[in-house]
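A single chain comes next, written as structure tokens; it is the form predicted on its own.
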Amino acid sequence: MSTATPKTTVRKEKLLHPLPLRIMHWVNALAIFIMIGSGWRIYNDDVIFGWLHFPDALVIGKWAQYGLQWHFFGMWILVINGLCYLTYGIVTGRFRHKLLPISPRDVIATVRDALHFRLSHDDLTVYNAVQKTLYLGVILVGILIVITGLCLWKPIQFSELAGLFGSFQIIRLIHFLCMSAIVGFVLVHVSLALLVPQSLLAMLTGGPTVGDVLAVEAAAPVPESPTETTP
């Protein structure tokens, strides 16, 4: 007759932000900085909105051609690092645990608390609904900006993909709006990091330790041999 194997729980401790995640975060920050500055240089050479022109102090590259070279350099860093980040987040289950689920009711409640200055940041291990929405949103925007960037870079080779968006100018506009959304995210992200310094420190050091409760099979007890008795 088979007997059920007893199970016990083990708490596996790890840092809130493991080393691979921290490396990818800061590499991504560098790539975004290069992409934004060089993108503004390219934009200045052929503006979309006549009233908008970025100061030379904020752009990367003296001329548009230099801006393009910097843009391609940052693009490869962003794409390669972004693929590693997405793979890591999916394979390790970090996205599922940290960013899901998201409830519209929770988003509204979190925004209401933020407007009344009642938003707490004591527990760095838990993301509120607004944080989840922003992080998922910037991931989707990042994917879209890469797709539109490919269409702008190789409009003939990616003609079928470009056709989904319409004209070349529409693709430029979407690409610019995605860049603007990322700039807005960066501003909010940096502002919150300065308001809550422990979150910035956690991304440098790894932060507090968190535990995953795992169910493991315990070794079955070995039955004792019956004691032999002599008549």
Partner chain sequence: MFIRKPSILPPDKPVDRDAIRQSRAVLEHFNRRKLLRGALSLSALTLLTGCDVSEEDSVQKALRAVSSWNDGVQAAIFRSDHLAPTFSPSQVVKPPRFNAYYDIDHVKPIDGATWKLELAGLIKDKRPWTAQQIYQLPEQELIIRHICVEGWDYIGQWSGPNLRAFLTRVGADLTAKYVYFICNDNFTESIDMASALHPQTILATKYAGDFIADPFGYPLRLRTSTKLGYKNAKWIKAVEVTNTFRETFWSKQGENWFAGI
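A quick note: this is a predicted structure, and the numbers were derived from the prediction, not measured. Residue numbers count along the first chain shown, from 1.
Here the subject shifts to the form predicted together with the partner chain, a form of this protein not shown in this document.
- In the predicted complex, His175 stays away from the partner chain, with no heavy atom inside 4.5 Å.
- The partner chain is not shown here, but in the predicted complex it comes within 4.5 Å of a heavy atom of Leu68.
- Residue contact check for Gly61: one or more of its heavy atoms lie within 4.5 Å of the partner chain in the predicted complex.
- Of the heavy atoms in Phe168, some are within 4.5 Å of the partner chain in the predicted complex.
- Contact with the partner chain, judged by heavy atoms within 4.5 Å in the predicted complex, is confined among 202 to 210, 184 to 192, 39 to 47, 24 to 32 to 39 to 47.
- A single residue from the set Val91, Ile156, Leu100, Leu115 has any heavy atom within 4.5 angstroms of the partner chain in the predicted complex; that residue is Ile156.
- In the predicted complex, Leu68, Gln69, Trp70, Phe72, Phe73, Met75, Trp76 are the residues of 68 to 82 with at least one heavy atom within 4.5 Å of the partner chain, listed from first to last.
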